[in-house]
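Next comes just one chain, in structure tokens: the form predicted on its own.
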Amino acid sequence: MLGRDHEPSDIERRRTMEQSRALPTEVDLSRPSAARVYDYFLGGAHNFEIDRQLAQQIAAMTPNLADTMRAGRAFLRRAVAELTRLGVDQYLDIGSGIPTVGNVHEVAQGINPKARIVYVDIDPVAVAHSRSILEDNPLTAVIQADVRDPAHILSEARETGLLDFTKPIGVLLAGIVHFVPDSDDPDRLMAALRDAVPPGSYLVISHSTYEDQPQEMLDAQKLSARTATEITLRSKAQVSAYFGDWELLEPGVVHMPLWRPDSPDDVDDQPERFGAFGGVARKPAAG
């Protein structure tokens, strides 16, 4: 059975239909969207029947995928909550998708109502939906940009006027860097993002891996090669290197459920089954 965080209410469904009428005409609602399929897996209401049909087909082929997506979102929620409690009040969320159930602005602003968030995604469908959802939230902005072009991301983020690059920023890269192939030099891209923010900033990364995975999971990952968003699986050492010389928060780079779980009961006896590592690091003072 396809698992979800919750079933959207009739009110949420009606709100989604209202939002669909407000979307730009170039958003094709007759075709499924990867961003809306992801939203469905997370229990969001910003999806349509055609997206739900595709999600159910995917779930039948890879039953663990929905759990992996939810584990990734849960890791992101815990990381943002921890950083907000540590005083971070501005975030740059790259590869954000649709800001649905329990996303960054909900978590951060639930702790600090003045927290500011800039969402970044390359998918025009995700961007259009995000702008519609967040139009009444003046402390958020949505920009369309490619993770492979950090200069453009940083320029657009500055132009929003929401982020102060002289103060600590939480840079979030949850489930996005594995879409950057080695040929696009992810080490260089990550270094550019690290260099752009001041000391005291934090970097959050989750990334798919081949380590500790059964062969059937690796075979399933190979299916991504048939799509426009092929996933590059990387080792714990490779993921750790993306943090550069920043100071890793305990417990370091670990399988996602192991990163500061809300309760020991939230971690089952196979945390590696979610197929991804997560970690958070702080930029040290210069010198």
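If you're wondering where the values come from, they're calculated on a predicted model, not measured in any experiment. Numbering starts at 1 and runs along the sequence shown.
What comes next is about the form predicted in complex with a small molecule, which does not appear here.
Just one of Ala35, Ala66, Ala55, Val253 comes within 4.5 Å of the small molecule in the predicted complex, counting any heavy atom, and that one is Ala35. Proximity to the small molecule in the predicted complex, defined as a heavy atom within 4.5 Å, singles out one entry of Ile176, Leu163, Ala141, Val171, which is Ile176.
Although the small molecule is omitted here, in the predicted complex all of Arg73, Leu76 and Asp93 have a heavy atom within 4.5 Å of it. Contact with the small molecule in the predicted complex, defined as any heavy atom within 4.5 Å, is confined among 107-115, 146-154, 133-141, 192-200 to 146-154. Put simply, Ile122 is close to the small molecule in the predicted complex: some heavy atom of it is within 4.5 Å.
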